[in-house]
Ligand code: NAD
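Listed next as structure tokens is one chain, alone, in the form predicted on its own.
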Amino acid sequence: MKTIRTAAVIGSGVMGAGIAALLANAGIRVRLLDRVPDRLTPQEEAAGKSLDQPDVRNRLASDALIRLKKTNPAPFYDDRYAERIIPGNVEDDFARLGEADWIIEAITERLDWKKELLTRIAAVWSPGTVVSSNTSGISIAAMAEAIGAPMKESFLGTHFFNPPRYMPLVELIPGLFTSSSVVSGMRHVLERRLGKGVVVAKDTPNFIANRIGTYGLLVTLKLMEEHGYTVEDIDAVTGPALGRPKSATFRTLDLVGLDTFVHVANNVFEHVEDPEEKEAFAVPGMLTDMVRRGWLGEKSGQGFYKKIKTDQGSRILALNIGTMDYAASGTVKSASLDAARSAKGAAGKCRALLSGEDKYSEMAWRVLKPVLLYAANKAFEIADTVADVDKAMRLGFNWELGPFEIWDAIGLANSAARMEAEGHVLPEWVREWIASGNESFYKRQDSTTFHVHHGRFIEQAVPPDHISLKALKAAGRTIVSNSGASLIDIGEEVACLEFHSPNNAIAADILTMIRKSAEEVRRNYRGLVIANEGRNFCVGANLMLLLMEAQEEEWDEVDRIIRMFQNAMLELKWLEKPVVAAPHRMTLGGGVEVCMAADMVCAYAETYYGLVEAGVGLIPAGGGSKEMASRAADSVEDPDGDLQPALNRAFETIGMAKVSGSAPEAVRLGLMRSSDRMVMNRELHLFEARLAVVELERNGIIAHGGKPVKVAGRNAKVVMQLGARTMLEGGYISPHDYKIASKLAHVLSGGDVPAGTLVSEQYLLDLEREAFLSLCGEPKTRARMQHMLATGKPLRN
């Protein structure tokens, strides 16, 4: 197969356009094609357009590109990446498909239409070009009947999940004649280039995730009708209490669209032969009725839930399936659900919920039991391993544990015995596995995981570039540790500083470990990576601690904490060995300041990055304001150049507490440098960060030594304050916002010094700290801090 530099996506609907955006994010040039319109829009008629004009003929793809820029959440890492997509149509541009390295068919899910399109593609196809179908369940073998032998070797299914940027799963479905080199090559592209988690699925109806997920949703719907459960009952049980997303069952269905779900269910119903399985995939009449009424979920404004506006604000109503009326959504309470909420981890939550003795514990068992049995019955029909089934459900449906991992969590032998006692027949391979004395489908030995495969445990292969801190710690690679952080040997003479405090919030324990890590790396390692495997990299400093000290007016203690933070950041920045920060997801406030102290940031693409201190009435004081002033100065190449525009951008970014929607956007906001790196695959993140350390060390990175910073001085401060005053007078900010902005302007400009003055980093840090301390003394700042801790939302007072 060719190296993938260019691609063509045929079909500019939600999925086709989303896939095109994903490819553009990865730097691939894309031609997005759709059919030629057969009539003019009223706007085109009014403008005197004709059906022969190129902009009219390309309208469907062009409109899709416009929609992508307006879609929330954003499909692009940066809207400028839309320039990598060229809109066209399947008549004028079809011959150009032969120039593409990868052709993706993403048209409507109809076999006859797909076969017709593939026949046309075969006529212009060039050897080495991969052709794939983004189908959610249509047979790859049936589609391949439309094409000849040479192209069949390069044809396969690539089932992206929606939305393509955010959903990590891609099911790769080889056809009967697909070349093994194409399968391995495309797996490499999907994992390394597009950052996806790939599962190779067998060519069966709905493949893996949708097969099991759809079955589970249908079982739940039928149990609801049979036992009279409410929408709220089901969602209380089938959300985080079972290790599943907050959207649970019915919010998930509303998000997916009930019509889409019915189509997916019908695809299995029409293609399986076993009467019992066919009956399981028969869509309940209640769901059919809702689709007939147009109650399709979020896209139609109502489904199982309905949002209404009242004088008191928005309210969520839930559907009563008995009366088909909506009523106010209630809160579900039970002892077993409370136990699940209190338990740690998905496995602990499942055990706590199922060990209860109330209605909701029984409901959870009724929902879970058939899914475990179905997954075990179908595992080797739809996938090669149980591990692939679990991975597909984790990545495709956002379950924290796949079905076989859940079975292990709740106790395989005991739960299987309960199923048999209730009259269910275990799959023969499961019964034999338990009879052989096995108590789980997975086992861990030292740092290696094994899973069941054809009656024996086999090692679960882990690619060498998938580095796990959890596995390394289990293997005894921790160098030094305390309650907030650990330093771990990750190989290649590189150490990794891992935060593991609650929410990875920075407090004295982490700051102490930063100093210890610098000492250890200085003596014994080539360099340092700062990374962790938490849900978020770091949401900032320990706000509760700061608020308590401020309320007690312990200003010396607040000053000590900020000095400790600043000194730890200087320790990182001046370390004689390379430091690479590897942030992911939420990286806010102090988390950004830690990254700014590094020689390089190797960010996961989905990093939401911002200096947000203004939202709690403060300014960055762990080096963040200083770094933004320094970077503004560095961005002006002319020694006599004007710093004001760069400072204004920094002032706006910090003052408005802007948070990037991706790593590339963080570069555009000036929070990361253009020399920083981005990784699209989270599993490769730590490996790439370690590689960056090794490269920097080989290139002779030395300590920065605290070079002087050129500042813009008092005149620049006045300009920034004038901008803030204009916003105040226009009613866009409050008087307290203006006070914060004035202090920020003072720090960024370097204070009341002449333009062009060279100051030390410590001078700017002192300005930061003074501003921070004075703002801590403001009652309105403390009110903002308190509100953020109580609600998780900023207060504008």
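Note that residue numbering begins at 1 and tracks the sequence as displayed. Keep in mind it's a predicted model, so treat the numbers as computed, not measured.
A second form of this protein, the form predicted in complex with the named molecule, is not displayed here; the remarks below concern that form.
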Pose source in the predicted complex; superposed partner the named molecule; site open or blocked by backbone or C-beta within 2.4 Å: open
Triple contact flag G11, M15 and D34 to the named molecule in the predicted complex, non-hydrogen atom at 4.5 angstroms: yes
is_contact(H159, the named molecule) in the predicted complex, heavy atom dist at most 4.5 Å: yes
Heavy atom of I173 within 4.5 Å of the named molecule in the predicted complex: no
V90, heavy atom within 4.5 angstroms of the named molecule in the predicted complex: yes
4.5 angstroms heavy atom contact with the named molecule in the predicted complex for D233: no
Region of this chain that lies against the named molecule in the predicted complex, out of 687 to 695, 513 to 521, 107 to 115, 303 to 311 [heavy atom, 4.5 Å]: 107 to 115
Residue among T135, T214, S361, T653 with a heavy atom within 4.5 Å of the named molecule in the predicted complex: T135
The named molecule: the contacting residue among A26, L60, A745, L767 in the predicted complex [heavy atom, 4.5 Å]: L60
